[in-house]
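First comes one chain, alone, set out as structure tokens in the form predicted on its own.
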């Protein structure tokens, strides 16, 4: 078995330009394409949308900056 261990920033680098799902500490879900990030895991998203419980769009947000301290997880969308 060949196990590859990647660092968190390696995974974020691979996700630039890709659609991701982000859960915030307050329970909100945001979907959008990662444009950039920094060492604090602050993320810039393009085409961001706030999602309702069923995954439907609640609000279109456009280009946003998410503060890294508010992010619980980032997942491929």
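Keep in mind the model is a prediction, meaning the values are calculated, not measured. Residue numbers count along the first chain shown, from 1.
What follows is about the form predicted together with a further copy of the same chain, which we do not show.
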Can any non-hydrogen atom of residue 38 be found within 4.5 angstroms of a further copy of the same chain in the predicted complex? yes
a further copy of the same chain contact at residue 51 in the predicted complex, heavy atom, 4.5 Å: no
Closest heavy atom of residue 63 to a further copy of the same chain in the predicted complex, within 4.5 Å or not? yes
Wondering, does residue 69 line up within 4.5 Å of a further copy of the same chain in the predicted complex on heavy atoms? yes
